[in-house]
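Only one chain is shown below, in structure tokens, and it's the form predicted alone.
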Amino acid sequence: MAIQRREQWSGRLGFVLAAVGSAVGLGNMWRFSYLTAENGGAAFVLLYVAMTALIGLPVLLAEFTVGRGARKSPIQALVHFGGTAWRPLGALFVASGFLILSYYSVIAGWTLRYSLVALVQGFGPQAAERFGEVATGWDAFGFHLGFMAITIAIVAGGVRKGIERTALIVMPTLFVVVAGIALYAVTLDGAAAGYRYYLQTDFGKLLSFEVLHQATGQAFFSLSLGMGAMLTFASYLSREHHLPNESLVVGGADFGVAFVAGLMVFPLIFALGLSQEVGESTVGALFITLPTAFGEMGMAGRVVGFVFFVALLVGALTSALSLLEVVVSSAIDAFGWPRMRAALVAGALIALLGVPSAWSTDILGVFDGIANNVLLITGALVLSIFVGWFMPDPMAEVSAGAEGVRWFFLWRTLLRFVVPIVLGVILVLGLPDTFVSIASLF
């Protein structure tokens, strides 16, 4: 088996933008905004920030610590620190990335299709019918394959020349686009109603267990935790990197994009009198309500719609790169394959698994439920227990490059006690919905 020299990021900026790109995805552009509007506005934001600090950032720092310390992909990293008994946890990370990318690329294919529609012909009044046509069948399958081909090509280029170079170009573009559309939305008549809907404050929601559950889940999922992506990206870091600072930057940028996305989405919807169509937090709503709004805006809507769906596409692509890299890095470490071969084989198998999702949104929903409600939560839960209780001297590993930090004892305490309890509750609460969705297929 050939021994390959492990790649490294060329610098901090490339790593941070790639990690932020992994975290920023389709959920940031719609789900956070919707949950904020429906769960107390500023009150939900406070809970989200609190849960990010108590749950999200500790798990993110744990993934960074294991990845950088072992400098290996998830399976090999867990074996490095914990022995073969922890191999199944690494395998769970790889399986999660494999499954998620299989259906995520179908959704990303929708964004690619809508970007082209906006560019070529614009959006008509029949957005719901259009979505029904493009969401499943041969069109969905074709754009799924097209998106996977783009993802495979970039990952095959390597960490520096592929993933990092892409992140350095597209992530600043994404930030500018989101901020630009948000500023444009300010000029629309009726935008104030959208802001009120988005940020109306109901502090009574702070006492709601359901809202707390929603905030915790969003804080966890939005950071791409529990799938080994952040662990894998950190494996390409040198020991000079200040891991706590990197965690704070990634978490802050992820929240910033999600929050500003709401400032562009809801003013557009309310300015055009479509508030009654904001009925449920689904991907379908993202591809129906907003295209309807863009269609009502004429030529301006065509331009804004194109830019918006390109931004969605960028968010989907950067997340997809991290998911595929988890599988590719693991194949390289396990089999000694060259990167090109690993990317092609892994990408082809993932694309094949995505075929059922391209033909049925019900199957896509079941895959999503299994991944989000079971696999990711379980992976992060077990990782927190591993780093908190079983990893040899994680305090020394996380302190490398960050010797002046004084709160690492608090970090390990959260991993030992708070994170497992909270994630355990979320896991139990999510199981019934998962079982129901699976049963609905039969």
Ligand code: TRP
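The term rigid core refers to the most C-alpha atoms you can superpose between the two forms while keeping them within 1.5 Å. Just so we're clear, the structure is a prediction, and the values are computed from it rather than from any experiment. Start at 1 and count along the sequence shown; that's the residue number.
From this point on, the text means the form predicted together with the named molecule, which you will not see here.
**Q** Could you spot which one of S319, T111, S357, T216 gets a heavy atom to within 4.5 Å of the named molecule in the predicted complex?
**A** Partner contact (heavy atom, 4.5 Å) among the options: S319.
**Q** If you check V106, L225, V250, A167 against the named molecule in the predicted complex, which one has a heavy atom within 4.5 Å?
**A** Selected residue: L225.
**Q** Mind telling me which stretch in 25 to 33, 53 to 61, 379 to 387, 395 to 403 gets its heavy atoms within 4.5 Å of the named molecule in the predicted complex?
**A** The contacting stretch here is 25 to 33.
**Q** With the partner left out of view, is A229 within 4.5 angstroms of the named molecule in the predicted complex by any non-hydrogen atom?
**A** Output for A229 is yes: heavy atoms within 4.5 Å of the named molecule.
**Q** Does I100 reach the named molecule in the predicted complex if we count a contact as any heavy atom within 4.5 Å?
**A** Contact with the named molecule, yes.
**Q** Residue-level question: is Y198 within 4.5 Å of the named molecule in the predicted complex, judged on heavy atoms?
**A** No, Y198 is distant from the partner.
**Q** Is it the case that L323, even though its partner is missing from this view, gets within 4.5 Å of the named molecule in the predicted complex, heavy atoms only?
**A** Taking the distances in the predicted complex, the answer for L323 is yes, it comes within 4.5 Å of the named molecule.
**Q** Would F32 count as moving between the shown form and the other one, using a Cα shift of 2 angstroms or more after superposing the core as the test?
**A** Yes, shifts by 2 Å or more.
**Q** Does Y48 count as moved between the shown form and the other one, where moved means a C-alpha shift of 2 angstroms or more after fitting the rigid core?
**A** Result for Y48: yes, a 2 Å-plus shift.
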